[in-house]
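Before any questions on how it binds or moves, here is one chain, the form predicted on its own, in structure tokens.
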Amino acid sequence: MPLPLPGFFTYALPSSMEALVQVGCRVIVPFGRTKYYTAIVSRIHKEKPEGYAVKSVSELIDTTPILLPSQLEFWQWMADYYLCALGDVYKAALPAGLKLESDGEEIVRRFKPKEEARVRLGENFQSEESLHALFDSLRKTPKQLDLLMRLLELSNHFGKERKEVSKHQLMKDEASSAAAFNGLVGKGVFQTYTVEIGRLSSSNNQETVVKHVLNAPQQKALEEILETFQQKNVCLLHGVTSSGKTEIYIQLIEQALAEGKQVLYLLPEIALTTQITQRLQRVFGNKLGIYHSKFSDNERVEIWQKQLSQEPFDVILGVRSSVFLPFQRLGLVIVDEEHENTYKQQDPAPRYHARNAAIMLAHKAGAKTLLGTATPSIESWYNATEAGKYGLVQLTERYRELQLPEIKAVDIHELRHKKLMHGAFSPDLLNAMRDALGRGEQVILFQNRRGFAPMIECHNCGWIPRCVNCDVTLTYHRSSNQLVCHYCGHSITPPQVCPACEEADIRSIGAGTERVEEEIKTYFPEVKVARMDLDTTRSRSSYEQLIRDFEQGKTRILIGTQMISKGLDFGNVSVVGILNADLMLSYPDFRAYERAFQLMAQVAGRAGRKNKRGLVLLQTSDVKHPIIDQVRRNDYKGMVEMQLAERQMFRYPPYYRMVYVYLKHRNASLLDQMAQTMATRLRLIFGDRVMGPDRPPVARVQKLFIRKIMLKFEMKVNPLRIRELLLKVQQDLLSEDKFKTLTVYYDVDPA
């Protein structure tokens, strides 16, 4: 059932369905007093359960399975490993259009096939004699005659092969008249009918371009990957930015397709799919399918159905939810930018990591997995070097022998002290931008904070507006003139005077991408500037338009959050500005330094990608910070060695497996009591592996207070045993009356 409940539910099958139902089919079942849900059949048996009255299945939706046996097995693994209900996985995996629910008593069917109205000549007007007589009769109604002639032309009526004609196609001529069309329908000259056409875009042009010939380093890397796959199922490709990893992926995909296999190509961000789609479509044409959350639910249903058909897409390009699609003959999984934390699902359950889930998906299908990145996650690097679980292939040269960019650290602490900063910009950055723009080149500015300002503050008394539902300050968005909570969406209009002291001196503090955009326009008023963040990329078309305009040179300066760091390929960018590196380094998380290095190195990789060495200006208040120096020297291995030493000392991944236990409640004092009780009971079982409870950095969201207990386990400990013991403690706790209203959930391998 698509509900966060443990276990399976048994229903009785009416005799009329017995011969039709199969494992993997959907059925409508009653649940509770009035609700009906779409359940998926996992087992058909004759064992009547005891202890409750068995209800009957109300309706059989499918006569062929909507879910493959391998998918159900994968769902079960995900539920077990990520400590959630199988129903949570089901709810996340299946497109909403495949999950019918009741609204009271009525079943709401969300998916509607796309239909198209078509037009054909009436049965009485098929012969030449009847047509000639019709022409004569329509001479007094020239608009009807014109429409008739247009239908005959479009349908190739007098040719060998007749074509179907859509009403839209017939009527798109400006001279076409609705009255004339209706008149012909009334006379029986035109017959209209509808056909189901589907929403999946498919080009009739199957022609594809010849793929690029690999250079020597790429060819060597490809051969090493294939060699590695002889011994290991997973290979890490560590290739510097702009080394041409995508061309290697294309070669591997071609080989998999030649063997009759399917390929899953995962990306961390929807923004990336626009550029990669164009490259892959030029090679694979209609063999390629795209799957991500910016598609309508109806489109996602049609992709799911196509993957179950006799002619599925051979290659699926998508974001993390693509791991749930049906694959009948999966042979290769590519996880591009494998280090990205956007592969980790945060809320709701299942809180899975798509990279790790994809590796398991491939394992269950007997497929190979390639992880590609310029800045591997420390866990993947460890698995490929020290643990020996993965193979490792390195690509150290940029394509066409391009040089890595020059990275200069700029001391903004000193510049602020000397009053030489211009808002968020150092003189060095502004001068470099002027030079680049003067040469007709482009600039990227990275600020990993959206909105106009992170907060506003009364300059007189220090009052700062906070969210009424969450334990965070409100972010100011000037474009909408709203203070917005980025956790629950609560928004208010900024006050004109301080509600605490009634003074009117309220100022914005800090800079988000919106403010950077506004300020940069004052320095370069004649240059077109664009911003890429969550606020400007709400729709699929907005992503595509932003990227297209920058690719074509219409936009000269692109300002963005971490979206712009994720492998986008722009050939004319010569200057990249990282406006405030300290934001990333000060985050309270054991992965903060790793993430900071990855983000800065990836953003830097956008510079100088075509015919000259790029320049990256890294603005920081701490130029002597070891991570800043490692980014400047592109010293990935130095960063990893430093981090591994710390993590081993303090028992962090990859040496230990981590599980966060989150507890939520509306009453803070009761929550503290509950959290202490649970932590005490966990310590009785797990000892010093238990830390906390503590308050997370954001300790209240949507009016619920939050506490966190941290668990660290040796890698040899069985995850299923951990699950069994954790759920037993939770079950015992929630069985007590005073704890029944507590919410408990888990984050396994937190990112």
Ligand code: ADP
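Everything quoted here is computed from the prediction, not taken from an experiment. Note that residue numbering follows the sequence shown and begins at 1.
Keep in mind the form predicted in complex with adenosine-5'-diphosphate is missing from the figure; the text below concerns it.
Undergrad: Consider the chain as shown here, without its partner, and state which of Gln345, Thr228, Thr241, Ser380 has a heavy atom within 4.5 Å of adenosine-5'-diphosphate in the predicted bound form.
TA: Exactly one residue meets the criterion: Thr241.
Undergrad: Could you spot which one of Arg657, His212, His490, Arg150 gets a heavy atom to within 4.5 Å of adenosine-5'-diphosphate in the predicted bound form?
TA: The option sitting close enough to the partner is His212.
Undergrad: Does any part of Tyr81 reach within 4.5 Å of adenosine-5'-diphosphate in the predicted bound form? Heavy atoms only, please.
TA: Residue-level check for Tyr81: no, no contact with adenosine-5'-diphosphate.
Undergrad: Is the gap between Arg355 and adenosine-5'-diphosphate in the predicted bound form 4.5 Å or less for some heavy atom pair?
TA: The answer is no: Arg355 has no heavy atom within 4.5 Å of adenosine-5'-diphosphate.
Undergrad: Taking 4.5 angstroms as the cut-off for heavy atoms, does Glu247 touch adenosine-5'-diphosphate in the predicted bound form?
TA: Heavy-atom contact with adenosine-5'-diphosphate at 4.5 Å: present for Glu247.
Undergrad: Please run the contact check for Gln218 against adenosine-5'-diphosphate in the predicted bound form: heavy atoms, 4.5 angstroms, yes or no?
TA: Close contact exists here: in the predicted bound form, Gln218 approaches adenosine-5'-diphosphate to within 4.5 Å, heavy atoms only.
Undergrad: adenosine-5'-diphosphate isn't shown here, but in the predicted bound form, which of 140-148, 233-241, 429-437, 159-167 has heavy atoms within 4.5 Å of it?
TA: That would be 233-241.
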